[in-house]
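Single chain ahead, written as structure tokens, the form predicted on its own.
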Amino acid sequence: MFSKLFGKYRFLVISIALFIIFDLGVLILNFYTSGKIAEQTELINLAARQSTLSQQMSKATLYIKSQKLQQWVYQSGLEELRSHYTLFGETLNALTHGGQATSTETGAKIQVDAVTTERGRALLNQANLLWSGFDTAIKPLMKDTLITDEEIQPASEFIARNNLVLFDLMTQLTDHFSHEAEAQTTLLRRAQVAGISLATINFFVILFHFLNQLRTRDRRLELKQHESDQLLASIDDGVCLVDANLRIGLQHSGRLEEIFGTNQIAGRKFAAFLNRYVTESTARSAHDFISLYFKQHVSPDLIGDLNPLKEVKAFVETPNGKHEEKYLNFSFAPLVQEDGETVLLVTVQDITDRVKLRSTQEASETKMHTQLALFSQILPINPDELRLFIEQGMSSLTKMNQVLKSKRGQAQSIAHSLAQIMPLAHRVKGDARSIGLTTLGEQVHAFEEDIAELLERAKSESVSGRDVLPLTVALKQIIENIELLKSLCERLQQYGIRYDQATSKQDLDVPVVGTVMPPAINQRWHGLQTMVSDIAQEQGVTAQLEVRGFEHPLPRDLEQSLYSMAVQLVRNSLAHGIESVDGRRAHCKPRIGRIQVLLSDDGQGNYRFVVEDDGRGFDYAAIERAIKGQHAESVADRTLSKAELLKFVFTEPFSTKAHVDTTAGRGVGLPLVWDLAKQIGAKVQVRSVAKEFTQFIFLFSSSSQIDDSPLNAKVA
């Protein structure tokens, strides 16, 4: 590792080392030379003091001689002479041989090295030779305080003759030391200039080297950037990198901008960016999914199948403000970079054309199969019955379409709109299956599933108009199929085919389980018998339907409402009331269940419409549990009466059935019956005995008006 780094940055390391060496060299030389200059300065001071001492000794000798001749006191002069003599001799000895001398500044003892220069040694030799004479002449004066004329006379004469010579020697020594100090200073100055020059040159070498490297690196980066841009521009798929913070990298392919219709991609949080185009739940799932790639001990091969962004539907805003539907396929691959960090390579493919082509093919095949199925299913249906269904179905579908269009874009109203169209769809489904249009019934049932899913989502999150778009598409397909039914009927009639007579249910050999068909019954009600056969088979029960009282034609709207009410109540009987054969046998009932749809009048325009079965009756305890499970806030703390339970049954969408199937489970049937009953102004009575029977009675007259008063069902 270290050798690798040293090899990569060898020039930098060497250059910095040289810079430090140059600086240290100058610093050490400066320190050494400064010391030498300080020593040289001390020598200059000592030599200068020697010059002064030589003159002072001459002065002191003459003073002593003069004082002695006049018989005056000369002790002060003698002490001065002795002091100068001792100090001069000590200093001269230190300069010649090395040793201690008295500092000129502090008066303390200092160590002095012997002078080694040739000029200095020569001057000192001459001074020592001369000083030996001084020493011989002056030494007798050092013995006692009383000096004789024989002692002072030769000393003064010797000093007078040689004083100037000694002073000149000490002056020359002072000049010599000054020259030496000047030479040291010059050397130091030159060394500093040389060191600083070398360091400066080294600095500029480093600077130019780095500038050259930066320029080279910039050129390489520009070249790589250019190559990368060309490569990203040439890629047909959207490509980008996502880092461990789940943030999109700074570079991405141009195709990515085309796919999402924006260039504001780099640096965005991946999930937040994606949330603009897909549903919130999908964006959250994508966030959780790509987080797995950055967790340790998670194999990318194991989580690949969990990818929530395979063929995901996205809505991309176009420049004119509309939303374009696209299908995108995301794939992910982890990459380990040179620095050891892991990033995620994200590839986005716009597969809209492929998906739409496949959808078109599938839709074409489905449409063809649907047309064939519808064609085969309409043949046994009475033409009047089918025509009434088409009219009623188109009326309900038109209302649903109007509701969806009028409330789109308002989150709270969307949930209300969905609740409004649910019973309308349920009525179309029930009416379709009642006359044998099972294909259309299954299509409407799938439409109901989508509505129920959105209603469930609306309880916990905001539902936007974009979420409703698939419903409008499905609704359009249902409308197209009903228009297809109408078209098929018209074509058959154009060709003069009496398909209703030629191919009855029995002729097609479709099994019908226990039906009673009074000969005088209105043909409109034959659909119920077909529906009972089909649903009884699906629910695993056997049932016999008896329809009476419809021998005479009724007003179309009244008959249509009664028919739809009967459809929902009979379906309810088959799903909740009629027991299985074993269950009925256990309660000592006939093997075949009985369902009756009866209409009677008193000749005065007062009608009594009854739907009853001999099934298991209302399970009020189960109904109360279901109500409290779904509406716990308002009724959890009290026991509900049967009238209150019935009010919930007729007004709230809930069901005691655990699972939803094409017959029951959404709890929409009885609220739909109540809406229809209000339209004909009917009063409702309910009679039910557990394990014995359930009877719905609707009382109305030909002059009854729409009744919007609250439900007041009578429990018998």
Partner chain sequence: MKLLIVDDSLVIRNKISRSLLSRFAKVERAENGRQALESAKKELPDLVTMDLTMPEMGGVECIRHMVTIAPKAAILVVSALSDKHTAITALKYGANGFLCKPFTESDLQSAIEQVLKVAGQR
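Quick caveat: nothing in here was measured; it's all calculated off a predicted structure. Positions refer to the first chain, counted from 1.
The form predicted together with its partner chain is left out here; the points below concern that form.
When its partner chain is considered in the predicted bound form, only one residue from Asn128, Asn307, Gln213, Gln192 comes within 4.5 Å through any heavy atom, namely Asn307. For the options Ser299, Thr145, Thr106, Thr639, the one in contact with its partner chain in the predicted bound form, meaning a heavy atom within 4.5 Å, is Ser299. Using a 4.5 Å cutoff between non-hydrogen atoms, Lys295 counts as a contact of its partner chain in the predicted bound form. Asn93 falls outside the set of residues with a heavy atom inside 4.5 Å of its partner chain in the predicted bound form. Using a 4.5 Å cutoff between non-hydrogen atoms, Ser564 does not count as a contact of its partner chain in the predicted bound form. By the criterion of a heavy atom within 4.5 Å, Phe158 is excluded from the residues contacting its partner chain in the predicted bound form.
The stretch among 334-342, 285-293, 639-647, 542-550 whose residues place heavy atoms within 4.5 Å of its partner chain in the predicted bound form is 285-293.
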